[in-house]
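In structure tokens, one chain follows: the form predicted alone.
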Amino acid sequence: MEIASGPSTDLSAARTIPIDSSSILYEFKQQNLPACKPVLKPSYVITTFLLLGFIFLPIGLTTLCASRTVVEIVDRYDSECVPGAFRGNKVSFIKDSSLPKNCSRILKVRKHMKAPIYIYYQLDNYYQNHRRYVKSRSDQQLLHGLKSSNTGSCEPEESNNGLPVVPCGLIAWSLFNDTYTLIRGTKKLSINRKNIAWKSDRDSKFGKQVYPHNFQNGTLIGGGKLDPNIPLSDQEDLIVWMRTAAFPSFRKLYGRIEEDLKADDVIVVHLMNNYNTYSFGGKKKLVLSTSSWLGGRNDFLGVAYISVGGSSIILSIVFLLFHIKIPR
């Protein structure tokens, strides 16, 4: 008696798939590929930590020494440049355009400062990284001017009295506008304000034929004004300001002094305290700084290398003592 093959027999035959056990894919799926399985012997671990320490410590000491060679003068002036009668209401002072905003500060040079000496303004508690603030600009308008109509992101500073604003947006509207004049003895120090912005920004992001239009003409004035006869590519104060900072405390380059300052020199700074940081509890500082092969003063990198290197050497000594006391 013959039994006809049913559907189940055909299904089992169809499910039979040939498997090539010699293929790399099969070996990979079965976790049979050769792998590196290092055995962490005490001697290897101790040697590795010692090498890390001996490499990181010199690097840390070198970078820390380079950072310490930078000479800085930092002067906070936002509180001191408010008349005594307005110390309790600084906002009303800064908003009253009829009151004089000029102020004088005296700085003493502690150590010899070799040119070029960089002048920065520092703002604290100023959140340029706020999402709405960062988006309030039009890169197309900065490059093409009135030819660009893509300015929807510039709200609420997109237009004024029915006319477009160039440059539009809150970043440009809040342009920093304090000014500084430095005098040593009876001689005014020359401040070079050229090439303070990135060359790539001047050449590629700000149009050479784009001029300010209808800027700061509204009822609410934000910050500095721009010369309508100078193209945006040459307005380097604006270009520096438009590169927004990532942290609430930041410095931006104002200019350079291209002559040395000697130790014990006295610098008189005549400044215009125009910019309003009092409404949000911000701080303003004037910074004079030299530079090293690593840039400005920043001890973090050196301290980090020294910490890692020192910790590695201490761990290697601890492991060595354990290995001597309890050998494997």
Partner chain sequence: MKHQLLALAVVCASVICCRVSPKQKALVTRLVKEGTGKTTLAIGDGANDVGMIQEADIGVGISGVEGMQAVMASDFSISQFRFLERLLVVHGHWCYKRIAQMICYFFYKNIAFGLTLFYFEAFTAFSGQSVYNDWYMLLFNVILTSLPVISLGVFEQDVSSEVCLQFPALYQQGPKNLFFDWYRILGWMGNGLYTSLVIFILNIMIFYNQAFRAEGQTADMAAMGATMFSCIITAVNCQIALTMSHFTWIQHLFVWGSVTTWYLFLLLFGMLPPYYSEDAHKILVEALGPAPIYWCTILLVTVACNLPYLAHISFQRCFNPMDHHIIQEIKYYKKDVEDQHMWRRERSKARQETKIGFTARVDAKIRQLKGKLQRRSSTLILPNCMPSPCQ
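Only the largest set of C-alpha atoms that superpose within 1.5 Å between the two forms is called the rigid core. Positions refer to the first chain, counted from 1. No experiment lies behind these values; they were computed from the predicted model shown.
Keep in mind that the form predicted in complex with the partner chain is missing from the display, and what follows is about it.
| request: Please check if Arg243 has a heavy atom lying within 4.5 Å of any heavy atom of the partner chain in the predicted complex. | output: Arg243: contacts the partner chain in the predicted complex.
| message | Contact with the partner chain in the predicted complex for Phe215, defined as at least one heavy atom pair within 4.5 Å: yes or no? | response | Phe215: no, not in contact with the partner chain in the predicted complex.
| task | Find out whether any non-hydrogen atom of Tyr118 is located within 4.5 angstroms of the partner chain in the predicted complex, and reply yes or no. | result | Close contact exists here: in the predicted complex, Tyr118 approaches the partner chain to within 4.5 Å, heavy atoms only.
| Taking heavy atoms only, is Ala263 within 4.5 angstroms of the partner chain in the predicted complex? | Close contact is absent here: in the predicted complex, Ala263 is far from the partner chain, nothing within 4.5 Å, heavy atoms only.
| query | Okay, which stretch from 221-229, 134-142, 180-188, 152-160 lines the partner chain in the predicted complex, with non-hydrogen atoms inside 4.5 Å? | reply | This holds for exactly one stretch, 134-142.
| field | 4.5 Å heavy atom contact with the partner chain in the predicted complex for all of Leu40, Trp198 and Ser291 | value | All of them do, each having a heavy atom within 4.5 Å of the partner.
| said: Within 4.5 Å of the partner chain in the predicted complex, counting any non-hydrogen atom, which residues from 49-70 show up? | reply: Going through 49-70 in order - heavy atoms within 4.5 Å of the partner chain in the predicted complex - the hits are Phe49, Leu52, Phe56, Ile59.
| Large Cα shift (2 Å or above) at Gly282 between this form and the one not shown, core-fitted | Comparing the forms between this form and the one not shown, which are aligned on their rigid core, Gly282 does not shift its C-alpha by 2 Å or more.
| request: Answer yes if the Cα of Lys41 shifts by 2 angstroms or more between this form and the one not shown on a rigid-core superposition, and no otherwise. | output: Comparing forms between this form and the one not shown, the Lys41 CA shifts at least 2 Å.
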